[in-house]
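Okay, so here's just one chain, in structure tokens, the form predicted on its own.
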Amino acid sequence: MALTVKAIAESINIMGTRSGSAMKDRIKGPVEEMAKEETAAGGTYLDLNIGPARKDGTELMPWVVETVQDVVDTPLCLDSTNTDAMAAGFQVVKNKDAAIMNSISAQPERMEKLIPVAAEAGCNVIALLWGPDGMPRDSNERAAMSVDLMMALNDAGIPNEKILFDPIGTPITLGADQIASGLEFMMMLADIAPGSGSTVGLSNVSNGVAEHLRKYLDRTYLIMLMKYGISTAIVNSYDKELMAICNGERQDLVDLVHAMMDGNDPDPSTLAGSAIEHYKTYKALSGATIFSESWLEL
């Protein structure tokens, strides 16, 4: 049976070329077009990211939500570091039960402000494993943070089935150790929080890498996460090959990478095309080879 991942389409973003200026100037057209495009591309959810939006977040988030809801019925994922903007956005979300709050981190002030909003909305929640001291150092710290978040969410009436744990993808330019720690946590998640889901911002792994190379890292990283049951991922829905992986249409490549993760390396001389790209990229992401931007040419 082919493995699949629900795609949270990431491109309606205050930092985006098309969407950013449209959001700032309240021009609906580009935002509406992108909502339709991402839905047509297979996005299960649309991430609406307004960033910190310190000046006008409480007005901007509802505007973006209503603009998108006017043209598509795709469930929404509201994304902001501004807790007041998040609360304002959920006031106008039509299908709150299917929506996602992105995110509640393991930071007391964010938990205190947003858990009641999520509980009232009845939405899904991305539980971001980022604590008061920042990035967890290893899989055990991730596990400890996940328990703290789960207990706080459960106490507020939010069940595990509504929680998506995000172990945090880290740039390969910082080394492979944190990538491995995130995967180790994914192996533990079913025991820590039975019934919960998971997600990750895929493009974090390729952050800082030349733009034309990023897609190769994102695609292979998704396949690696799929081995441990990643249920959703925040993705570039305009990458057709990445969406094909999400939709279970590249099971041969998934099988190749998963076999390598089990220690069964193929003879690279027998591989070509996408297969050799994933082979070389897995070696870089797993730390088997030292990462450089020429990894596909070696």
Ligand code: THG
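Counting begins at 1, following the sequence as shown. What you see is a predicted model, and the numbers here were worked out from it, not measured in a lab.
Same protein, other form: the form predicted in complex with ligand THG, not shown, and the subject of what follows.
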Contact with ligand THG in the predicted complex, heavy atom within 4.5 Å, among N204, T74, T83, S139 goes to N204
Checked K227, K113, R214, K96 for heavy atoms within 4.5 Å of ligand THG in the predicted complex; positive is R214
Testing 154 to 162, 85 to 93, 196 to 204, 177 to 185 against ligand THG in the predicted complex with a 4.5 Å heavy atom criterion leaves exactly one stretch, namely 196 to 204
### Message
If we define contact as a non-hydrogen atom of the residue within 4.5 angstroms of the partner, is S105 a contact of ligand THG in the predicted complex?
### Response
no
Q. Applying a 4.5 Å heavy atom distance criterion, does T17 contact ligand THG in the predicted complex?
A. yes
Query raised in the report: Is there a heavy atom of S237 no more than 4.5 Å from a heavy atom of ligand THG in the predicted complex?
Result: no
Indicate whether L128 is a 4.5 Å heavy atom neighbour of ligand THG in the predicted complex. yes
